[in-house]
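We begin with a single chain expressed as structure tokens, specifically the form predicted alone.
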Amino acid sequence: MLILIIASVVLMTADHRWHQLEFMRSALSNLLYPLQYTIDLPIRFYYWSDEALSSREALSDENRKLKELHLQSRVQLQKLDIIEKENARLRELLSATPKISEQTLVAEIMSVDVDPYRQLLMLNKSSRDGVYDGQPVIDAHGIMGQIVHVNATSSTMMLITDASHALPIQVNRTGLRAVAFGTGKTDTLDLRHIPHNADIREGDLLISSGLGGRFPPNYPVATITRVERPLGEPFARVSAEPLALLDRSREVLLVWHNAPGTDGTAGDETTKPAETATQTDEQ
């Protein structure tokens, strides 16, 4: 053992002072490298496997979190899109208020009547908000209808295209007075009893005349889409398309016009839509 110790000291001194053993060390390293690699291989494999599995698990966890975040972001984006569209509708609806001298109130449509022969909408405003029978309802584009029933929690609106509804109108270009009757279709109104020689043409704007006391005057109603003068018939066939978005509006404006008590007298709360049309037609 003493001899080995002395030999080691001599070899270390010779290698440190004169670098005599560098070649031998390099040769031994080349000879022993395969053995070292083989001995170290299981340990390398263990660390590689642990890192690979850990990375896969971390990636899976990160992927799951990103999917959850993406889903939440999509839901929030949908809500923001809905709010943005609702805000645009409200801005468009309220943009009509400078033209309106009457008192107004924004109402939201709650439901639609399932009866295919009636065009009734339920609103979230009621008698507690001052809503009354016969109250005009408009949107940002024109007259939509009128209130036909009011209770303590909601109210019911009839569209101007309901088959039992009629609206006194006049042609904005010529001042010709007529009555626009509902057809049961949300895109069509009929103008009846128009003489053949009446000055009316396609594209004419129809506005409310104010006759009958139910609707305020000078509100846009519809545009003429068809004028036919068939031979042998006493009256022309005239159709119009409502300007209000009857099947798309979500918010509407309730207009206080000749409301009960607003002018010191009781409003006409018993007159039905069809009766108003009949009275106007007789006039």
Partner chain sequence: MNSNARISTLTIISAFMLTIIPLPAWAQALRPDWVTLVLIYWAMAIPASIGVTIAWSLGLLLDVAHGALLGQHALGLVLVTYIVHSQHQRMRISSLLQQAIVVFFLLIIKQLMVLWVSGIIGQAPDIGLYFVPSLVGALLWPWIYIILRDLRRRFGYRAM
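Positions refer to the first chain, counted from 1. Throughout, rigid core stands for the largest set of C-alpha atoms superposing within 1.5 Å between the two forms. Remember, it's a predicted structure, so these values are computed and weren't measured experimentally.
A second form of this protein, the form predicted together with its partner chain, is not displayed here; the remarks below concern that form.
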Full three-residue contact with its partner chain in the predicted bound form, heavy atom 4.5 Å, for 60, 71 and 77: no
Contact of residue 31 with its partner chain in the predicted bound form (heavy atom, 4.5 Å): yes
Residue contact check: residue 103 to its partner chain in the predicted bound form, 4.5 Å heavy atom: no
Residue 153 within 4.5 Å of its partner chain in the predicted bound form, heavy atoms: no
Distance check, residue 195 to its partner chain in the predicted bound form, heavy atom within 4.5 Å: no
Interface stretch in the predicted bound form with its partner chain - options 126 to 134, 203 to 211, 172 to 180, 113 to 121, non-hydrogen atom within 4.5 Å: 113 to 121
Contacts with its partner chain in the predicted bound form - residues in 29 to 48 whose heavy atoms fall within 4.5 Å: 29, 31, 32, 35, 36, 38, 39, 43
Per-residue C-alpha change between the shown form and the other one, residue 40, threshold 2 Å, rigid core fit: yes
Large Cα move at residue 113 between the shown form and the other one, threshold 2 Å, rigid core: yes
Cα distance between residue 114 and residue 155, which in the predicted bound form differs by 3 Å or more from this form, closer or farther: closer
In the predicted bound form, whether the C-alpha atoms of residue 114 and residue 132 sit closer or farther than here (change of 3 Å or more): closer
